[in-house]
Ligand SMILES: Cc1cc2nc3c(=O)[nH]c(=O)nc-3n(C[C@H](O)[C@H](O)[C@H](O)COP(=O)(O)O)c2cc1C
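Take a look at this one chain, the form predicted alone, written out in structure tokens.
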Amino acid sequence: MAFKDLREFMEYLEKKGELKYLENKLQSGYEISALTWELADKLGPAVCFKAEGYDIPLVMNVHGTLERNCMALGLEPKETEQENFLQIRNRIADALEHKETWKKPVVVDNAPCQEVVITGDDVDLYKIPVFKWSPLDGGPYITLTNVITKDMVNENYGQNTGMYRVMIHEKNKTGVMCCATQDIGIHIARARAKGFKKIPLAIALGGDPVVNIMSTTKMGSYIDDEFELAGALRGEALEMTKCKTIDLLVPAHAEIILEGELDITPEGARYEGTFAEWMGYYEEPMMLPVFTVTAITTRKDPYYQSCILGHPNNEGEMIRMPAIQANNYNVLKRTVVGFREFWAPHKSRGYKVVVQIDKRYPGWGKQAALAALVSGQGMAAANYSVVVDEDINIFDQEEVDWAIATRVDPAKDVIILPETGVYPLNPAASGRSDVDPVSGYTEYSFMGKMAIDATKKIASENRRPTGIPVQPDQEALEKVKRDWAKYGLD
């Protein structure tokens, strides 16, 4: 089941009791942020409302639960968060592995996203209800973005869409979060090497919910096109249209499109931030490239879809949690001996990863722990990995902690890797390069990594074997369960 656009999905959610229209106008970005914080706390519904001083309605918390993200992908929601996570992740992981199911976008004219076209001096980002969401934010932030770029060197490579933070500097200028570990960073580096000073960039806001999910997915290859993968997940090709002022394709049924050019010269960079980020901390200002908007195109009477970050159940995290782990799951499935399962707990914001294996030989636990850290995403984002046996439910962090507490000799089972460059927004990093001497941007933080082998130890590892976990007699336990009512304990 493919949703053509945000509006179709909103209609579906309203019928399911998952979308509420608010009568009162909200007075500020802080009030909006507080409202969506409470919705995240309660895993509440999506909401649509207006803000004081604006005619464009805001739509928020659309992706705020895994159940709604299942619906977006045409999956029947299950009863538990674990079940919903697994079916979303497995759906994306399977599509990533089967490129023959991908569908190239269909290019259309007279797209709904271009019913209204604003160019030149009339471009004014402040007419969109974009707010300073949190007290220490450096300015108003456009969130829940689909930032679209392409490789300027090889036209056969696919376009990239990524969900990056965008702070408004002026009525027609913003910063755009990018770093070397992201596809947009690769696009910038390759264009610079060929002498480009600017590259085309578009930001799509409010569209088919699958496109938002794709914006957070780590693809198997830099040259892959997320929009083709979206076609596989939708079951039909995505309709896209050519921008009015730049040479990029954008989702035809988006609510709002920002078109323009990104200045990729080091001297064109500008500080932005701080910002209340998805990992739960205000992150320091960053030196980032500047995006100059040449056109704003919209639907008639558009909606502005947005989100706030920082809460453990923030909307961005609910989108990226299963999507970003799909490729990691595929990589570890191929490279880890005895692999069974992989999980990066969303309340640890993905900085902790857990691998479950069927351990049969010495050293398998350490091999798995290191493999989880040296994958591309693992090296960029994971601070430490934990490997456990099949008797540990990796989705239950108390069980994982029990395995760490009772199966780990820190002198033998913990490996500390030397400091390396990581994603710049890592709050645990001991240092950060404020301005990279090569790119001129804030590109990296620097920190070590930790691999923890929390598997049961066996005699062939030349050490005292782990004891046998205590369990009741299974026949007796089954009898007790069958006879529970007879004990009068109901």
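Heads up: residue numbers just count along the shown sequence, starting at 1. This is a predicted model, so every value here is computed, not measured.
Although not depicted, the form predicted together with this ligand is the subject of the following passage.
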Next item on the list: Report the stretch among 85-93, 334-342, 312-320, 69-77 that approaches this ligand in the predicted bound form to within 4.5 Å, counting heavy atoms only.
Entry: 312-320
Check: Considering this ligand in the predicted bound form, which of Thr101, Thr292, Gln182, Gln397 comes within 4.5 Å of it through any heavy atom?
Finding: Gln182
Note to self: By the heavy atom within 4.5 Å rule, which residue out of Leu249, Ala237, Leu417, Met379 makes contact with this ligand in the predicted bound form?
What the structure shows: Met379
Note to self: Considering non-hydrogen atoms and a 4.5 Å limit, does this ligand approach Ala230 in the predicted bound form?
What the structure shows: no
Margin query: Against this ligand in the predicted bound form, would Met163 count as a contact residue? Criterion: heavy atoms within 4.5 Å.
Written below: yes
Next item on the list: Check whether Met177 has any heavy atom within 4.5 Å of a heavy atom of this ligand in the predicted bound form, and answer yes or no.
Entry: yes
Next item on the list: Look up in the predicted bound form whether Ser215 has a non-hydrogen atom within 4.5 angstroms of this ligand, and give yes or no.
Entry: yes
Notebook entry, point to check: Going through 449-483 from first to last, which residues have a non-hydrogen atom within 4.5 Å of this ligand in the predicted bound form?
Noted result: none
Check: Closer or farther: how do the CA atoms of Gly378 and Ile416 lie in the predicted bound form, compared with the form shown, if the change is at least 3 Å?
Finding: farther
Check: Looking in the predicted bound form, are the Cα atoms of Met379 and Asp409 closer together or farther apart than here, the change being 3 Å or more?
Finding: farther
